[in-house]
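In the form predicted on its own, a lone chain appears below as structure tokens.
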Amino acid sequence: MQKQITEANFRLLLDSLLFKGQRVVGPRRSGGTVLYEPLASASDLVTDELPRRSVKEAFFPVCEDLLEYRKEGQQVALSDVTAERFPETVLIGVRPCDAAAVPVLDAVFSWDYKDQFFLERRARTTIIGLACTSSDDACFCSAVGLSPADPKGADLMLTPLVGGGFLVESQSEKGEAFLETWRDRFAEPDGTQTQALATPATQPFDLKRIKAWLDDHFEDAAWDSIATRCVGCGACAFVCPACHCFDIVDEGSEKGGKRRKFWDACGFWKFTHHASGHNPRDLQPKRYRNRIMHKFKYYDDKFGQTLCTGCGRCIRVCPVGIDIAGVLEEIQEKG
């Protein structure tokens, strides 16, 4: 279903949602940085800048409590965290590279173990995507099979119109329901042209060719040169919309505490450090190799898709200037 909404009605719609008590999360400026955060008013929404961090933390927080424990006499009492604490949420202004990562995460968190924390948040969230009309040198979504207007993962997709407002296209039953609920704010399309979309400069990768090289080159001297600059800071994984490694620890004392889940990264030295002292990825090239293998081979082997949406955040934040698109070009040339 296609509809159209004026800029004024779009802002009124956001304020109406907030007035009714709906939790609305979108890109907003926090200090000097644009982040996906709860909006207080429609004027908070930033539509011309990619948030520094991805939208994954709306479903998969940096850190969250799984349960609480406390000692009662000779027994240990446990308190579960209930899913009722997760509010109904509208995620708005989600860039295609972020929205496309959500189905990637769905596959992981509903695979052999159903992660109720992730799945409950997914069930209670409507994702409204926003097509990109500009890009920078780090963007490469079109090189990994997506596009600046790709609706993958979105329930509704907004594309800016020439002169203001948006073309609105529903992509799911949630999207249809949203349009029906707020039908007074929308109008039938009047033929106004959409704005020109962004044009990322990186040419499309031959992902099958890249994977074929990875299939046969787990051991290869090239990894030393490819990963020589990586310092293992993990920034790339933390800003990535698709990276999803985590650890679980108990924090507290023998009298009580919490079991918590928090983000982890395969680039960290301790990520595969065994209790015996052995570390199968004892050198940084091995850890960076795992990052590339996971994104372009292992995940594809298991789920039939690539664990990268070309958002370019890892390129922007890398303190030593590692360009994953450049790494893929190098591997592609070897294939």
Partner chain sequence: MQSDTVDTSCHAAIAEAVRTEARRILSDGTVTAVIGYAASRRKGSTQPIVITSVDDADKLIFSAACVNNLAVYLTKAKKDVPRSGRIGVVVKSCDLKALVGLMGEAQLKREDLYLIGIPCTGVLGSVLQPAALLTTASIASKCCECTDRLPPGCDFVPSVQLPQQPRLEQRYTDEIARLEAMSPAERWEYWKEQFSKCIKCYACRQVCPFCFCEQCLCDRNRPQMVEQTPRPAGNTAWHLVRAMHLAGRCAGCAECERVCPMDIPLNLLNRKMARELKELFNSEAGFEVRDKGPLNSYQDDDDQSFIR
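Residue numbers count along the first chain shown, from 1. Keep in mind it's a predicted model, so treat the numbers as computed, not measured.
From this point on, the text means the form predicted together with the partner chain, which you will not see here.
Q: Can you say which of 89-97, 221-229, 180-188, 166-174 gets within 4.5 Å of the partner chain in the model of the complex, counting heavy atoms only?
A: Careful reading of the contacts points to 221-229.
Q: Answer with one of Leu197, Cys245, Leu119, Cys233: the residue that has a non-hydrogen atom within 4.5 Å of the partner chain in the model of the complex.
A: Checked against the cut-off, the match is Cys233.
Q: Could you check which residue among Glu251, Asp216, Asp80, Glu72 gets a heavy atom within 4.5 Å of the partner chain in the model of the complex?
A: Of the listed residues, the single hit is Glu251.
Q: So, a 4.5 angstroms cut-off on heavy atom distances: do all three of Tyr36, Asp48 and Lys211 pass it with respect to the partner chain in the model of the complex?
A: The answer is no; none of Tyr36, Asp48 and Lys211 reaches the partner chain.
Q: Please tell me whether any heavy atom belonging to Leu17 falls inside 4.5 Å of a heavy atom of the partner chain, as the geometry stands in the model of the complex.
A: No - in the model of the complex, heavy atoms of Leu17 and the partner chain never come within 4.5 Å of each other.
Q: Counting only non-hydrogen atoms and a 4.5 angstroms cut-off, does Asp137 reach the partner chain in the model of the complex?
A: The answer is yes: Asp137 has a heavy atom within 4.5 Å of the partner chain.
Q: Report yes if any heavy atom of Leu283 sits within 4.5 Å of a heavy atom of the partner chain in the model of the complex; otherwise report no.
A: Yes, contact at 4.5 Å.
Q: Even though the partner chain is not shown here, does Lys302 get within 4.5 Å of it in the model of the complex, heavy atoms only?
A: Judged by the heavy-atom cut-off of 4.5 Å, Lys302 is well away from the partner chain in the model of the complex.
Q: Which residues in 261-283 have a heavy atom within 4.5 Å of the partner chain in the model of the complex?
A: Counting only heavy atoms within 4.5 Å of the partner chain in the model of the complex, the contacting residues of 261-283 are Phe262, Phe268, Trp269, Lys270, Ala275, Leu283.
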